[in-house]
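Listed next as C-alpha cells is one chain, alone, in the form predicted alone.
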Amino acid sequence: MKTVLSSLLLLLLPVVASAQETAAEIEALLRKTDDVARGDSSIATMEMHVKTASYERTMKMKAWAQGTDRTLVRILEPAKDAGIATLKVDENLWNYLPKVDRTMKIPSGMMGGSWMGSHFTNDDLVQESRLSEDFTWTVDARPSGGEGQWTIALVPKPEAPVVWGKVVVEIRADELPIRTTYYDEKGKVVRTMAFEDYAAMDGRTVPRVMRLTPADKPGEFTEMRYVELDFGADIPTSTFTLQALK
C-alpha cells in the first residue's frame, strides 16, 4: 500500500511543481504590468492630453516614485496649474493646491475620482490597487514559441478595495502589456487602457504611451506620454513628505 501511495505522490509532484511554476510566472507578469514604467525608484517627465466632449487640454508633469509605497506627481505646465501636486505615502493620499496654499487629504472613497479632469482616477495615478495583489486570475490564452499573447482574466478578491467586476489583461510574448480592459460587476466594459509606442528608455523597453478610453463616451480619451524616464534614480525619502509637497 505504501508503495502504491508513494508512486502516486511521485506522479503528482510534477503536476504540483508545474502549477506552482505557472502561478509564479503569472504573478511576475502581472507585477511587470503594474510596474511597467517604474522600477525600485524612478523619475519621469510626462505629457497628458485630455479630450472630452466639452474641452481639450494638455498638461506636463513630473513624477517621482520610490517602490510602490511613495509617489509624488507635480504639474509643470500650463502656468495656471503649475505647482499642483499629488503625494502618496503608503495608503495615504494628499493634493496640494498652490493658489490657495492648501493641502487636502484624499479619503479612500475618492480614489475612483477623476484626477485633474482627466479620465485617469486618483487610484490610476498612484496605483493604490494592484493586479498582482488584489485579484485572482485565470489564463485564457498564452503565447507559444514566441508568438501570440497572454490573455489573463482577473476577478477582485473579496477584501480588495477595487471597483471593477473583472479586468482582462493582454500581454505580448515579450511580457510587455498591450491592453487592459475594465468591466463593471454586470460584465459590461467600462474603459480600456491601450499601451503603445514601445521604445527603449533608460535601458528598458517600455510603452511610451498609455491611452485610456471610456466605453460610454465616444471620442473621449486621456493619453499619457512619457518624455523622459530615469530608472534607479537616487531619490531622498524627504521628497515624499507634506513639507516637500508644497
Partner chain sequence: MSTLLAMAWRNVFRNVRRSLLTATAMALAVAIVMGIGALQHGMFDQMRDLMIGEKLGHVQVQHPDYPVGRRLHDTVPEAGAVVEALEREPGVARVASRLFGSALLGTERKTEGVQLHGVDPVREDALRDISEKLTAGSWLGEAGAHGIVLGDELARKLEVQVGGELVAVTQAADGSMGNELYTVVGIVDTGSPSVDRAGAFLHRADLGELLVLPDQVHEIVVVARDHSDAALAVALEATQGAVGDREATVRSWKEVDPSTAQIFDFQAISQWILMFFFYGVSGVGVVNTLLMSVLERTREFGVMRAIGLRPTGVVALVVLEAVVLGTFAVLGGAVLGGLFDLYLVQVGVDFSVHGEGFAFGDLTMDPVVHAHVTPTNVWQPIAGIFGFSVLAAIWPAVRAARIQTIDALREA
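Numbering follows the first chain given and starts at 1. Please read these numbers as outputs of a predicted model, since none were measured by experiment.
Omitted from view is the form predicted together with its partner chain, to which the following refers.
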If we test each of D81, E175, E170, D134 for a heavy atom within 4.5 Å of its partner chain in the predicted bound form, the one that passes is D81
Even though the partner isn't displayed, in the predicted bound form is M116 close enough to its partner chain, meaning a heavy atom within 4.5 Å? yes
T103: heavy atom within 4.5 Å of its partner chain in the predicted bound form? yes
State yes or no: in the predicted bound form, is some non-hydrogen atom of K62 no more than 4.5 angstroms from a non-hydrogen atom of its partner chain? no
Decide whether L97 counts as a contact residue for its partner chain in the predicted bound form under a heavy atom distance cut-off of 4.5 Å. yes
Establish, in the predicted bound form, whether S54, P107 and M110 all lie within 4.5 Å of its partner chain, using non-hydrogen atoms for the distance. yes
Counting only non-hydrogen atoms, choose the one of 54-62, 25-33, 183-191, 202-210 that falls within 4.5 Å of its partner chain in the predicted bound form. 54-62
